Structures are given as C-alpha cells and as structure tokens.
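Below you will find one chain, with nothing else, as structure tokens; this is the form predicted alone, and questions on how it binds or moves follow later.
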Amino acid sequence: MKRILIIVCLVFLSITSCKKEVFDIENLNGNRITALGHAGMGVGNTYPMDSYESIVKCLNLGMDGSEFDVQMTKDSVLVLFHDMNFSERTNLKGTVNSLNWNEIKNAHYSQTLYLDYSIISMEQLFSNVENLQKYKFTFDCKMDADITDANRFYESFINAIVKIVQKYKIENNIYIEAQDVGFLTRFKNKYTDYKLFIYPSSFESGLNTALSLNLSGITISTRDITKEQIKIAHDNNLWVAIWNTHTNEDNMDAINKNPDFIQTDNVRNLVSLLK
C-alpha cells in the first residue's frame, strides 16, 4: 500500500511539474506574443550572432522567427552583421559599407569558437530557409557613421530591402527597426505599408517619435520599459518589441508586460513558455 502511495505521489508531482504556464496576455498582436530570436540564438551562444547557423537553429527550435542586424555594402548588398567595423570579430578590416560584397563573401569570424562560421548576405539566408513565408523577421537596420550623403544612402538601403522582400514575397512577414529617424522618415514617406519601428534611447522619446512619424511601433530594452508604458503604447495603437532577455526570469518578466514581440537571447526557454 505504501509503495502504491509513493508511485501515485510521484506521478502527481510529474504531472504538476510539467504543467504549462498560462499567461493572460493583452496586446495588439491578437493577445499573443511573437517569439523572435535575438540575431538567431542570441548573445553568448554556440553560434555567432547573425550567422546562418544561429538563425536556422532558432527557427528549427520552434520560434516564430528572428531579429537580425542588417547593413549594406558599397554595392548595395544586404549583409547580416552587428558591429560597425569588421576588425574586432572577423578576418577583415573596414566597415560593411566601405567594401563590395565580393570583398566580404569569403570572410569568416575570427574568434576561436567561431572560426568555421561565415559572414552571410540576406540573400544567402532567405534562399536557404525552407518554408520562409511561415516565419517573421525583424531587420535591425544599422547606419554607417561615416556616411557622407545620408539621403542617397537611405534611398539605396530602402531600395535594397524592398527588392529582396518583394523577391521572396514576405512583405507581411517583416518589421523594420532603426535608431536613425532620418532613415525611418524617408522609408515611411516612400512605402507607407511597411511596418516601421523606432529603436529609441527612452520610452518617452520613442513614443513621441513613433506618433509624430506615424510608425507601427517601438523596439526597446525590457529594462527601459514598464508594463504600464507598454499599455500607453498600445492605447496609442503602437506595437512594442522588447529585447535584452537573457535568463528564464527575464523572459517571464517580459511576457508579463504584455509586449507584442520578444527578441530573446534565451530561445529554448521562451519556446517552452509560449509554445
């Protein structure tokens, strides 16, 4: 009898410990949160951020999609890379915008753990992802600080984005975020249907910019926004994407703020919570 009681207790504990968390989410995204990887699997992962392997691994684990950093080469090829200069993390020197794609396409990361991973173009990513249209992608568009003709650069960058998005028929699957107000302004004036997000230094400045430019939303660190501020954004018909979630607790806290998107560095945990 005692043995049966122990078995029953163990089964009960197993069932209750595996019970999935239920969240009462209220947002503009159909009361669900779109789970995105931060540049794939996130900071400090087995794979370098923005690499093909990191992004595909994130998708294969069941995420809705991924955010990644986007820069443009001198000959208008979109490249997935975070830093403003190649020299710290790759075998190249210079900036993305100062080089042509032919000078970059054979480059690789130089850190010991990442030597087998290459710098990739957006074309290489999209042409190799199966069922591409089922995923969501956020383009974190980074502007080169040494641009001499900003308007010309913005125009080329925008045209390159629209060209590849239309090629793969993913207009409804992408979100464009940037810190550069000039870039967002020009993009909004030219293509009103694209979903543009300001990436501000504070919630207040982001709210003001998003409203003045009639943007779709705000992308901000979870540390710089509260649940109450997200509610204010939603009341103004602005979507909110939050990032900087590294731990299980970070993910849980972010979910409870009711954002529309979470760009996480802890992909496995967010999948277990939301999927």
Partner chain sequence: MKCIYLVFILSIFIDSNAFAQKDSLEISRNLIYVEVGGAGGYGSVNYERVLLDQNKFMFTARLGLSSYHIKDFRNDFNPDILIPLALSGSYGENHKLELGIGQTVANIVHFDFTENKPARKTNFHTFLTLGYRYQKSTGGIFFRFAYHQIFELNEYLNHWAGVSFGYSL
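These numbers come from a predicted model, not from an experiment. Positions refer to the first chain, counted from 1.
As for the form predicted in complex with its partner chain, it is not shown, yet the points below apply to it.
Listed stretches are 226-234, 24-32, 243-251, 44-52; the contact stretch with its partner chain in the model of the complex is 44-52, by a heavy atom cutoff of 4.5 Å. In the model of the complex, its partner chain lies farther than 4.5 Å from every heavy atom of N131.
Proximity of L113 to its partner chain in the model of the complex falls within the 4.5 Å heavy atom cutoff. In the model of the complex, at least one heavy atom of Y117 sits within 4.5 Å of a heavy atom of its partner chain. With a 4.5 Å cutoff on heavy atoms, N60 counts as touching its partner chain in the model of the complex. Within 4.5 Å of its partner chain in the model of the complex, a heavy atom is found for none of S98, K142 and I158. Only one of N151, N91, N172, S205 lies close to its partner chain in the model of the complex, with a heavy atom inside 4.5 Å, and it is N91. Screening K136, R186, H108, H82 for any heavy atom within 4.5 Å of its partner chain in the model of the complex leaves a single hit, H108.
Relative to this form, Y114 and F81 separate from one another in the model of the complex, with their C-alpha atoms ending up at least 3 Å farther apart. Between L59 and Y114, the Cα spacing is larger in the model of the complex than in the shown form, differing by no less than 3 Å.
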